[in-house]
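The data below hold one chain only, encoded as structure tokens and taken in the form predicted on its own.
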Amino acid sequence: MKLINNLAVYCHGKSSHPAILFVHGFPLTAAMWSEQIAALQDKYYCITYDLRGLGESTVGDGQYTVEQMVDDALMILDAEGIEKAVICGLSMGGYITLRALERNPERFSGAILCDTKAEADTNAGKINRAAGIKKVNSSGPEHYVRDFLPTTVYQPSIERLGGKYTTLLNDCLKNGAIGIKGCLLAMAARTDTTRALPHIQVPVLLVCGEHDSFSSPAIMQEMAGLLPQSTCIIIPEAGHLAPFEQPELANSAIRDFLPLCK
């Protein structure tokens, strides 16, 4: 682990190999990508990091924005001397990925969008984020995480994954109130990137869990239709954390996709 701009960054593989920057979801940490790192680090320089406020990264004042998080991602690439990378984001990481592609397309040779969407929060979505902040304030971050995390996975996955799911939960339970609330604020305030989709001129792989209730297959297939160079893969027996719930299937799709990114 190294610190870059007070962010905990983890690098795997040879820096001479093509780079992939992984951006995790909420309220997770970089550890969610362990299966992808194990599968790809022999041929790719895999970089994961904890988003600000989560994992081992700085918490700060909790006044986070997606714009700031895009700055963080680019700063990591700069610090590693990487001109272009494939960027892979899940859920909140996907929001960051989409805004990075819109803002700085020259920095990316391809993108992998996992269980995410381009639309900004609706009013109902913003109210739900506010309710989450209220819950953290009233009951504490651990209570919030214990209630929220099970909603992100296909319920049979919890029993099937066993200790792997428990480890994921325990990682999330370490996140503090300021970081969790800051991420909720950032997601509620994010911009809508739908209009940018037809202008993304790099190959994009979309990976979606069959039972994702947050960014459904229909939503992600609609996104794929707006992207000039896209492939959409629906992962069976998975919810909103498809690469974590069904890593072998997700990794197979990613391996097939990466040679397209040049």
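All residue numbers refer to positions in the sequence shown, first residue = 1. Because the structure is a prediction, the values reported are computed rather than measured.
Below, we refer to the form predicted in complex with D-malate, which is not included among the displayed structures.
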State the residue from Ile158, Leu77, Met187, Leu168 whose non-hydrogen atoms include one within 4.5 Å of D-malate in the model of the complex.
Met187
Among Ala73, Cys88, Met92, Ile180, which has any heavy atom within 4.5 Å of D-malate in the model of the complex?
Met92
Exactly one listed stretch (25 to 33, 203 to 211, 64 to 72, 220 to 228) reaches within 4.5 angstroms of D-malate in the model of the complex by non-hydrogen atoms, and it is 25 to 33
Would you confirm whether the three residues Arg129, Phe148 and His240 all fall within 4.5 Å of D-malate in the model of the complex, going by non-hydrogen atoms?
yes
